[in-house]
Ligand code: SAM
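For reference, the chain that follows is the form predicted alone, supplied as structure tokens.
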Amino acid sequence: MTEFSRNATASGTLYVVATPIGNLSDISTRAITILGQVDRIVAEDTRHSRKLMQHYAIATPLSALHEHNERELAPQLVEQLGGGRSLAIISDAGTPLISDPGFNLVRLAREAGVRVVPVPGPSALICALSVSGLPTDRFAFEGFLPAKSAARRARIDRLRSEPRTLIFYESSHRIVDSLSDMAAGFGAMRQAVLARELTKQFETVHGDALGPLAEWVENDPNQQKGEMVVLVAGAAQPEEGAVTDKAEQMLVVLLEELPIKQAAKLTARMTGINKRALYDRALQLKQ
């Protein structure tokens, strides 16, 4: 028995279907079945998605749903779903909604009580993280950095102390400037990985400190082409109980007005750092 029949369990169902990020073989049997059986597929770019449909002989009608028309079309599509039609949403590559259109459609569908079903598969950020060699237990996906340099640098500055592995998408025409700004903002010696053209013929996964990585990409035009994922190691965290720079600054200010013991106690209360470590540091500062 297939996952659904058009007139039964699929009524009013929106399927969020992941598609290959490069290699067309990276699609699940379930995804192919659903794409072939829904009433309509909404795609970010129908011209791009039609190649995938032709490859797997899927004849389901295609409609475009992109950043310029989603707010207008989403209510109409939810009305169709409410009427019992089944729809699948796909993006140009990977899992829909991840730095791609679809959020408004899914939100409105859920608010209308429509069943929304994930059909998992490829995701460039998870694919890149899995082979990066950077910590995978905690990470933060930041999507695309701002296009303008000043805003991009400001965002990087806000992320400088983030301890989790950071993951960014970046366009080919901004990769050189973005890596340069990252090296300046995170530090030239912060470890990073460029994952480019994943699952495709010219796939590249190259790790280095940000300074040398930025220079390597700038000097090789081939590394400035294609789809990019940049991963940056999280900021190093002080050892447990260590006196941080911020705590020391606080301690210095308090020592101007208070005895050592009181300054250390108050700083410990505000920072959570061991009172004895702060007391010892306060003694050193006084000397």
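This is a predicted model, so every value here is computed, not measured. Residue positions are given as counts along the sequence shown, with the first one as 1.
In what follows, reference is made to the form predicted in complex with the ligand, a form of this protein that is not presented.
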Considering the ligand in the predicted complex, which of 251, 229, 41, 233 comes within 4.5 Å of it through any heavy atom? 229
Among 119, 179, 195, 78, which has at least one heavy atom within 4.5 Å of the ligand in the predicted complex? 195
Please name which of the stretches 162 to 170, 180 to 188, 104 to 112, 67 to 75 has residues with heavy atoms lying within 4.5 Å of the ligand in the predicted complex. 162 to 170
Please determine whether residue 216 contacts the ligand in the predicted complex, using a 4.5 Å cut-off between heavy atoms. no
Classify residue 93 as contacting or not contacting the ligand in the predicted complex by the rule of any non-hydrogen atom within 4.5 angstroms, answering yes or no. yes
4.5 angstroms heavy atom contact with the ligand in the predicted complex for residue 142: no
Classify residue 98 as contacting or not contacting the ligand in the predicted complex by the rule of any non-hydrogen atom within 4.5 angstroms, answering yes or no. yes
